[in-house]
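For reference, the chain that follows is the form predicted on its own, supplied as structure tokens.
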Amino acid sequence: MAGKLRTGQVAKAAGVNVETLRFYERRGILKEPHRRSSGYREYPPEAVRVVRFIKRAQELGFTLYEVEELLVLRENTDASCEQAKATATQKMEEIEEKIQSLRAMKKALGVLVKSCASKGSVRECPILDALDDKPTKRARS
């Protein structure tokens, strides 16, 4: 079978490790390849393209479930590009929400850092106190 690739060759060409390929196979996101009588897997050259697609989609924040949906769209010649656009738009909205959340965390940490004179004992550290779930000190009446 000319043009078939072994697991290591696909992994190297796609820039992933062998376990990643096996994981994708188990998940069903990468079609299980033909096996030789010796048991070696033989992938079609398209497998490299699929794995690269998966990795690029993950780098953009898509979950494996979402990547599977995108791959189904990619293989469905009757599907509309609008479906892919809707998925990408949804992901952009999720990313924007995460950015807002990260900004809020950064602001909260900034307040803590400014409250710390960094000169006393750790027992009096406002950063550590804010993270601790111990009861706050109460003023005596």
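We number the residues from 1 along the sequence you see. This structure is a prediction, so every number in the text was calculated from the model and none was measured.
Note that the form predicted in complex with the DNA isn't included here; everything after this is about it.
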Candidate stretches 31-39, 102-110, 85-93, 44-52 - the one whose heavy atoms come within 4.5 Å of the DNA in the predicted complex: 31-39
- prompt: Of the residues R74, K98, R56, R27, which one places a heavy atom within 4.5 Å of the DNA in the predicted complex?
  reply: R27
- prompt: How about E19: is it within 4.5 Å of the DNA in the predicted complex, going by heavy atoms?
  reply: yes
query: Using heavy atoms and a 4.5 Å limit, would one call L64 a contact residue for the DNA in the predicted complex?
result: yes
